[in-house]
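Consider the single chain below, provided in structure tokens and representing the form predicted alone.
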């Protein structure tokens, strides 16, 4: 495991232990709903299913089709806010 991977694992473990990961996930959900991301993704899913036909779309196909667009549509402001929260958490718990 590389040094970078070890650091990510340690940070993730600390986030989980302190309950911060769940708080960040809830914040992310709320922000994505607030900015309309969830509705955009729901519409995109419906479009893909309409295009390919319900009988011809698997969950895996749908996931492969929408994941890149979903990641691209997350607003920069949401990404920045999450990153700031993670940095603030790490600054408070800098034993890593």
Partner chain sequence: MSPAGCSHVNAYKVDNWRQNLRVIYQCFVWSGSAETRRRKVLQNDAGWTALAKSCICHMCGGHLNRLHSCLYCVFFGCFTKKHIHEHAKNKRHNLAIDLLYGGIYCFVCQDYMYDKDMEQIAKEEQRKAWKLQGVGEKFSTWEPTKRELDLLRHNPKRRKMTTNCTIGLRGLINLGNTCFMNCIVQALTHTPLLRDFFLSDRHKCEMQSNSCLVCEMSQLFQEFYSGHRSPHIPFRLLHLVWTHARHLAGYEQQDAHEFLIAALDVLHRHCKGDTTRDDNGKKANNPNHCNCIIDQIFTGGLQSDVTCQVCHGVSTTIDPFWDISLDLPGSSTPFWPLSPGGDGGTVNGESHLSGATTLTDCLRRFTRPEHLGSSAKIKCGGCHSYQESTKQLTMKKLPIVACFHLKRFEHSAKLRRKITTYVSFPLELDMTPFMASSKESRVNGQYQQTVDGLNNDNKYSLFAVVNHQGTLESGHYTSFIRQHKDQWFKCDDAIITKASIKDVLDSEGYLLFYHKQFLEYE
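None of these values were measured; they are calculated from a predicted model. Residue numbers count along the first chain shown, from 1.
One more form of this protein should be noted, the form predicted in complex with the partner chain, which is absent from this view; the next part is about it.
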| property | result |
| --- | --- |
| Candidate site 77, 82 and 86: all three near the partner chain in the predicted bound form by heavy atom within 4.5 Å | no |
| 4.5 angstroms heavy atom contact with the partner chain in the predicted bound form for residue 69 | no |
| Partner proximity in the predicted bound form: residue 51 to the partner chain, non-hydrogen atom cutoff 4.5 Å | no |
| 4.5 Å heavy atom contact, residue 57 and the partner chain in the predicted bound form | yes |
| Distance check, residue 29 to the partner chain in the predicted bound form, heavy atom within 4.5 Å | yes |
